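Two separate entries follow, structure 1 and structure 2, each one form of the same protein chain as C-alpha cells.
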Structure 1
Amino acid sequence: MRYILILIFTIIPLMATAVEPDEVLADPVLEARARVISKELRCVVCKNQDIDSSNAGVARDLRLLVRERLVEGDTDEEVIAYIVARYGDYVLLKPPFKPSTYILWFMPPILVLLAIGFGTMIILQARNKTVNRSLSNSDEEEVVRILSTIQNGDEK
C-alpha cells in the first residue's frame, strides 16, 4: 500500500505539466532551465497560467521557442528578453516595476485601502444613526384597541 501511495504522489506532479514528450530537450540541464523560464511566462490565451502548465497551442509554441533559444546558446535573461520583445510585458507573470506598469503594482493596495475606508465610513455612519422606534399616539391607541379586543375574545 505504501508503494502505491508513493507511486501516486510521484506521478501526480508530473501530470500537472503540459509539456509534451516531443518538446523535452535531451540535455537535462537545458530542460531544467527551460522549465524555470516557462514558469515565469504567461500563456497569452489562458491569462493567469504559465506556459509550462498550459495546453493552449500558443503556449506550446512559446515552450518550443524557449527551448530553441536555449539550444542556440542564449542565457535565461536573453530568452525572456526575446519573448518580451515579441509579446510585450504582458507575457511575464511578474511584470517589471516601471512607469508603464505602475498601475499594476499600485492599484491593488489602493483598492484595499479604499475598501477599508468605505467600510469604516459605513460602520461609523450606522453607529451614529438613531432610529426612532417609538410609536405615535394614534398607533399606541390602535395597539391598545387590538389587544383589548383579543383579550375580550371579540373579533371583528
Structure 2
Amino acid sequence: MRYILILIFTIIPLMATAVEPDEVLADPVLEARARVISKELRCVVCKNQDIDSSNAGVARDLRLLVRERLVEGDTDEEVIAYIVARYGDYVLLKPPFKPSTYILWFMPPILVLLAIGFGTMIILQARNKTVNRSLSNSDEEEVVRILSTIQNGDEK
C-alpha cells in the first residue's frame, strides 16, 4: 500500500503540464503533434521554459495558435515557421542549423579537435626528447682535468 502511494505521488508531478483542458484538441493525433511542437517552442515571457509547460498568457495564446494552425491543415514545419516569422529564431529552443549559427554548431567539435591536437603534440614531444648520453670533446677534457686534480690532490 505504502509503495503504491509513493509510486502514485512520484508519477503525478510528471503528468502536470500547463495545457488546460479547454485547449486540448478532440483529435488525439493532432493533439499529440501539437504537444511535440509546443515542447520545441520557447515561451517569450519565461525564456527558458517551453510553451507546453508555461502558464504565461502569451504561452497559452501560442499553444492555441499552434493547434489552430494544425486544425487548418498546416504541417509541423509550417506551424513552426509561422511562429518563427513573428518571434524570430529565438522562440526555437533548439537553434536552427544555418550560416549565421555555423559558429555555434561547429565551435565545440573544433575546440575538441584543437585540444586533442595540442595534447598529442605535447605528449609526443616529451616522449621523443632524447637524452644526450655521450659527452662532447671539451666535456671529456674537463672530466680528465678534474679527475687529475683530484688524484694529484690525493697524492699531496
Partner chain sequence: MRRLIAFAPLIIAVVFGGFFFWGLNPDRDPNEIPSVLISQPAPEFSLEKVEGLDTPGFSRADFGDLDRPVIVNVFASWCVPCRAEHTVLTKFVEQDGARLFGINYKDKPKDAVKWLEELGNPYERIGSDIDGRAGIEWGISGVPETFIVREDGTVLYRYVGPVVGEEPEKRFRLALIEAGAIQVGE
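Residue 1 is the first residue of structure 1, and the numbers go on in sequence order from there. We call the rigid core whatever largest set of C-alpha positions still superposes within 1.5 Å between the two forms. This structure is a prediction, so every number in the text was calculated from the model and none was measured.
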Checklist outcome for this item: The form predicted alone? Structure 1
Checklist entry - Does Thr120 show a Cα shift reaching 2 Å between the two structures after rigid-core superposition? => result yes
Checklist entry - If you line up the core, how far does the Cα of Val143 move between the two structures, in Å? => result 47.2
